[in-house]
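So this first bit is one chain, no partners, the form predicted alone, shown in structure tokens.
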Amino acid sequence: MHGLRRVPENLSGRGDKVMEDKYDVVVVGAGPAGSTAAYSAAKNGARVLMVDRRRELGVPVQCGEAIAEDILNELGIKPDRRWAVNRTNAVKIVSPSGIEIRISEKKVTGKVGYVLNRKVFDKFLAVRAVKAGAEAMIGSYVNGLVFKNGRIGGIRGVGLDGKFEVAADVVIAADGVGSRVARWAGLNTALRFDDIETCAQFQMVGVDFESLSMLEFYLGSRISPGGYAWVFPKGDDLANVGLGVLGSRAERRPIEYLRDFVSRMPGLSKGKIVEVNVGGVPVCGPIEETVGDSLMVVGDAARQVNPLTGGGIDSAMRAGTIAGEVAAKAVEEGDTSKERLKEYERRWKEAMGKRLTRYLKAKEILLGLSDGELDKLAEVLRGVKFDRISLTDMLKVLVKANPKLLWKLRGLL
């Protein structure tokens, strides 16, 4: 090992610490997937190093920042007002011609969600991992894998103090939609034009929305071809306003569609933009293989994203938890082969594979509908009182009202 020997920024607050040459598990990427994987691996007794090229975690923000309460409950994470800035329990979906569908969860037993401050939330997850025993190298750019006897044996890169090389029994790729680690390892991560949505988002102040507890979604080829627009409240007059478009359907840049959307919305047009974020979201369903010898791929890098909504925080944290646990146990057993690590693939597919497949089918069906057909579906759903936010419940109503849809919607119910 040469060059970098110290943690550029030690999130545990212990100051400079001499780095080890060898770790049981190295996690590349400190977003929700990576930090959760690092926490899980450390919690299960592994020596863990988490590496991220950013000097400030959570920046830039590349999502709408909404999350369901379910995943927090599953992982025993108590919502904190510092990052869970607004509680939600209702949804409004608006069709191309303006037909509104409203869904409100029952306040006592229903699902609750939160709009996050990702800049604080991502740092919280990283600190959680470090407190569990993981080390963190922030501001460190991984530029290659180290191979030993034909299989992955670590990583190399450049940090604030120069070049570094770290050996590892398992490398977890959590480096986002453009994952280079998975590609270096030989996994097929190619994306077609229709596999990714390009998103643009304004954080706006001085906006007027119907309710702090309601997430708003707007459909239509004029608004966001191949995707949808959203308004997620974060405070009394503060909201995330964004949209995603498919490159194969868009005729302009996403930010141009977003400016038009804002200008046409009375509640938004007088608002002021205080932050602009852009990014890509994979909407193609998971990659075929998420493991290799000494390798696991998690989160956006594995395309573990809801293809219908583009939401991926919950899936990333579920997958990260499983990956960290499997990695720690595999190292303890002295077997980090692809076959041993397939436990991770089996378990994450059991936990969310069917759901992601169902949402991918739903996305493909919706993409085949015209604006007029979307309006007809909205007309059927308008006025129906739903007790929970559920795609399945909505589909059942649609099929009952229009049996011809049954063939198109087969496999989704």
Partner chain sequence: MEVDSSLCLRCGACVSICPVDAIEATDSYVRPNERCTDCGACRKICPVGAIK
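Positions refer to the first chain, counted from 1. All of these numbers come straight from a predicted model, not from anything done at the bench.
FYI, the form predicted together with its partner chain isn't displayed, but the following is about it.
Handout entry: Heavy atom of P254 within 4.5 Å of its partner chain in the model of the complex
Key = Yes, contact at 4.5 Å.
Practice task
Indicate whether N44 is a 4.5 Å heavy atom neighbour of its partner chain in the model of the complex.
Solution key: Outside the cut-off, so no.
Exercise for the section: Indicate whether its partner chain has at least one heavy atom within 4.5 Å of a heavy atom of G279 in the model of the complex. Expected result: So G279 counts as contacting its partner chain.
Exercise for the section: State yes or no: in the model of the complex, is some non-hydrogen atom of R102 no more than 4.5 angstroms from a non-hydrogen atom of its partner chain? Expected result: No, R102 stays farther than 4.5 Å from its partner chain in the model of the complex.
Problem - Listed residue (V170, V291, V130, C199) with a non-hydrogen atom within 4.5 angstroms of its partner chain in the model of the complex - result: Contact with its partner chain in the model of the complex is made by C199 alone.
Exercise for the section: May I ask you to choose, among G235, P79, G206, G247, the residue with a heavy atom within 4.5 Å of its partner chain in the model of the complex? Expected result: Selected residue: G247.
Handout entry: Proximity to its partner chain in the model of the complex (heavy atom, within 4.5 Å), stretch among 30 to 38, 363 to 371, 55 to 63, 344 to 352
Key = This holds for exactly one stretch, 55 to 63.
Exercise for the section: Between 163 to 195 and its partner chain in the model of the complex, list the residues on our side with a heavy atom within 4.5 Å. Expected result: Contacting residues: V177, G178, R180, R183, W184, A190, L191, R192, F193.
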